[in-house]
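Below you'll find only one chain, the form predicted alone, shown as structure tokens.
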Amino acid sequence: MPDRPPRRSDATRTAILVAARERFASDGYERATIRAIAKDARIDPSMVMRYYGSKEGLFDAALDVDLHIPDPRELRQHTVGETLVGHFLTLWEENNDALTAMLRVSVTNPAGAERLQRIFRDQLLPVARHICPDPEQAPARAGLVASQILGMALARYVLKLPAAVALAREEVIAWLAPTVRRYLTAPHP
């Protein structure tokens, strides 16, 4: 079956989602409004409601994030830190608006925090279960990895702390990778 030509509604949905990600990233959930998002997307606010039903529905759609974490079966204990830190840096740099919005909103909004927790639980926990020496410790170890990844993301991409921003990609990997690897592979302290 041949690909169908793009419909106008597809372009409208895309414009809404792009505007919503930017607005949630800059303003947070509470201050972002349907009106402002619609204005940014150059559409009538009723179209946002038509496609997404509510601000919460729009938020869910805009921040439906797949971390595209490498298949746990392809990860190796001696390189898991470098692989994951490099992966997250690339992901953050390519999807800055969506991830920045998700992180910013998660610290001020319970629904945003729940979404972030769910994303990391569902997508990072399988890596910890596969790599760590004691699968019962996987949730704690995944939480420790998330603390490193999200801490760097907060410092580098949200707060834009000059020292964190100034680090070259290779330096971030060199600093964080051993810690991430240790969290996932070291014996329980």
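Keep in mind that what you see is a predicted model, and the values were worked out from it rather than measured. All residue numbers refer to positions in the sequence shown, first residue = 1.
What comes next is about the form predicted together with a further copy of the same chain, which does not appear here.
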| Interface membership of residue 174, a further copy of the same chain in the predicted bound form, 4.5 Å heavy atom rule | yes
| request: Give a yes/no on whether residue 45 approaches a further copy of the same chain to within 4.5 Å in the predicted bound form, heavy atoms considered. | output: no
| message | Test of understanding: in the predicted bound form, would residue 148 fall inside 4.5 Å of a further copy of the same chain by heavy atoms? | response | yes
| query | Does any heavy atom of residue 15 come within 4.5 Å of a heavy atom of a further copy of the same chain in the predicted bound form? | reply | no
| message | Can you confirm whether 116, 162 and 167, the three residues that make up this candidate site, all sit within 4.5 Å of a further copy of the same chain in the predicted bound form, judged by heavy atoms? | response | yes
| task | Taking 4.5 Å between heavy atoms as the contact cutoff, choose which of 152, 69, 36, 65 touches a further copy of the same chain in the predicted bound form. | result | 152
| query | Using a 4.5 Å cut on heavy atoms, which of 122, 60, 136, 30 is close to a further copy of the same chain in the predicted bound form? | reply | 30
| message | Under the 4.5 Å heavy atom criterion, name the residues of 102-121 that approach a further copy of the same chain in the predicted bound form, in sequence order. | response | 103, 104, 106, 107, 108, 109, 113, 116, 117
